[in-house]
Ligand SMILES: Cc1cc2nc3c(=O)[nH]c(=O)nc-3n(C[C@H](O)[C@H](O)[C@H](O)COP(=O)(O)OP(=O)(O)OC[C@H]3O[C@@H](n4cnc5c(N)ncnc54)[C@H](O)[C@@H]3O)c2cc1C
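First, one chain by itself in structure tokens, the form predicted on its own.
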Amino acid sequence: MEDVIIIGGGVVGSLIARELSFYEISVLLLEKEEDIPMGSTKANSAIVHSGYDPLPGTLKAKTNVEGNRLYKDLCEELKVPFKRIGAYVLAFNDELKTLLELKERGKTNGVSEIQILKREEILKREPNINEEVKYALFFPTSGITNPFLLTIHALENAIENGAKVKLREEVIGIEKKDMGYKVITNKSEYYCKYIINCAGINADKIIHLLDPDYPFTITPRKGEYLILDKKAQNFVKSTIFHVPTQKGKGVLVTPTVDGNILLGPTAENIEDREDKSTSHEGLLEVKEKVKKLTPNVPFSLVINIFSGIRASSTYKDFFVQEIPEFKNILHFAGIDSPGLTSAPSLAKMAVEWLKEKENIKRKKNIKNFEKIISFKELTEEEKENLIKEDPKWGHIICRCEHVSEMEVRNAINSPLPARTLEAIKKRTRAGMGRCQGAFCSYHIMKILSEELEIPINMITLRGGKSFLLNGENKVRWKYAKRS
């Protein structure tokens, strides 16, 4: 029997698992997909928002500002890139009044160092912004991070401190028992005293397993994006926003921590929670709205397009509650924007909730997350020394991102093993460069085949039936047993 079962391995669930792993309790995280993160955490703008947008007094506002303050130390602990690059909200016509309102809202929420800038100063800082701009609200505390690594490293650190993770286990039932709850998955049954629901886009389904009539529903909201090649990395230095609307902060232009430029997202309410498709209309909308912010976007440098789904709800705030009829289950539902920013604060809320119910003691010996070697970040001397130890360090698998064979093998043999092409991509960036995996994909598949001891035609893109080879591959490859 477990003390706590966490449902869902997105950024909120993984950070909660890490925080709870520091205490003398048993923690089990259940994730229905082949890897983490696979939902909203995987496909978002990767922005650590300052906190000017949420309505004062809401949980969104509180956790946004608190989360922003926690990010620097958190990312240092988990060896994840984080940069405070600042953000501009642009006003072109009669929007100065709105900017002043946002400034006051930000102050009320506790955001510091807010500035209103005029056209000349804006263009001096960001020459590619539309020259028709009149004013901008500037938030220096806004930042960017890598949501994949943040989530993966958090859960790996949780595993190192005793937490357990079960992938490919979808929760299909929850039953109340005298000692707590029985959690039924598509594969097994587990017993626990407490449940924390972090199921993202499906968090309402977990609530409805307990009470089918409970008045809470998530509306999937799809956002489409374009990514520019690193050749465009100096196009803007900060995140550039439109004035926000009821559907969110709108289409934006932002750098990423890895040197690309991200454009998007749209905001379309959909019915199919698995619809990750992109459309001509959606991408055209992104282009048109981006050109309003920065007219000279080099669209010829687009290297990829994708979409993500946000867990919007009619609740108008994060739904973080314990339903009275089902004690000892805490629901984190409707965690849309600024969910990534708020996640560190929400994780601490989960710990405080459990402390109110149990006298949990913090472990005396907590394992810190050990830095993972990134070959391209090493000095030439460090590279040479590693290659002398093992030539696999010198075998570059992904030329665009300069990822070595050893980095791929290390990802497969990590505490949270990568078992798909996409899982390797999230951990190492192999396949995220200009050629988008055209050169390295097959080489990575061969390594996966060796390490996992399965035929190469059984390797998948992201799990399930997403096979990459149809039938027997013409290139003969014998997978070898690991030494």
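The structure presented is a predicted model; accordingly, all values stated were derived computationally and were not measured. The first residue of the shown sequence is 1; numbering continues from there.
Another form, the form predicted together with this ligand, is not on view; read the next lines as being about it.
Visitor: Does the 4.5 Å heavy atom contact test between residue 169 and this ligand in the predicted complex come out positive?
Guide: Result yes; residue 169 sits at the interface with this ligand in the predicted complex.
Visitor: How about residue 148: is it within 4.5 Å of this ligand in the predicted complex, going by heavy atoms?
Guide: Result no; residue 148 lies far from this ligand in the predicted complex.
Visitor: Taking any heavy atom pair closer than or equal to 4.5 Å as contact, tell me whether residue 336 reaches this ligand in the predicted complex.
Guide: Residue 336: yes, in contact with this ligand in the predicted complex.
Visitor: I'd like to know if residue 256 sits close to this ligand in the predicted complex, meaning any non-hydrogen atom pair within 4.5 angstroms.
Guide: Residue-level check for residue 256: no, no contact with this ligand.
Visitor: Would 18, 67 and 142 all count as contacting this ligand in the predicted complex, using a 4.5 Å heavy atom cut-off?
Guide: Answer is no for this spot.
Visitor: Going by heavy atom distances of 4.5 angstroms or less, which of 448, 432, 423, 43 would be at the interface with this ligand in the predicted complex?
Guide: Checked against the cut-off, the match is 43.
Visitor: I need to confirm a contact call. Of 162, 308, 110, 394, which residue comes within 4.5 Å of this ligand in the predicted complex, counting heavy atoms only?
Guide: After the contact test, the surviving option is 308.
Visitor: Residues in which of 212-220, 361-369, 93-101, 170-178 have heavy atoms within 4.5 Å of this ligand in the predicted complex?
Guide: This holds for exactly one stretch, 170-178.
Visitor: Taking heavy atoms and a 4.5 Å limit, what residues of 1-27 are near this ligand in the predicted complex?
Guide: Residues within 4.5 Å: 7, 8, 9, 10, 11, 12, 13.
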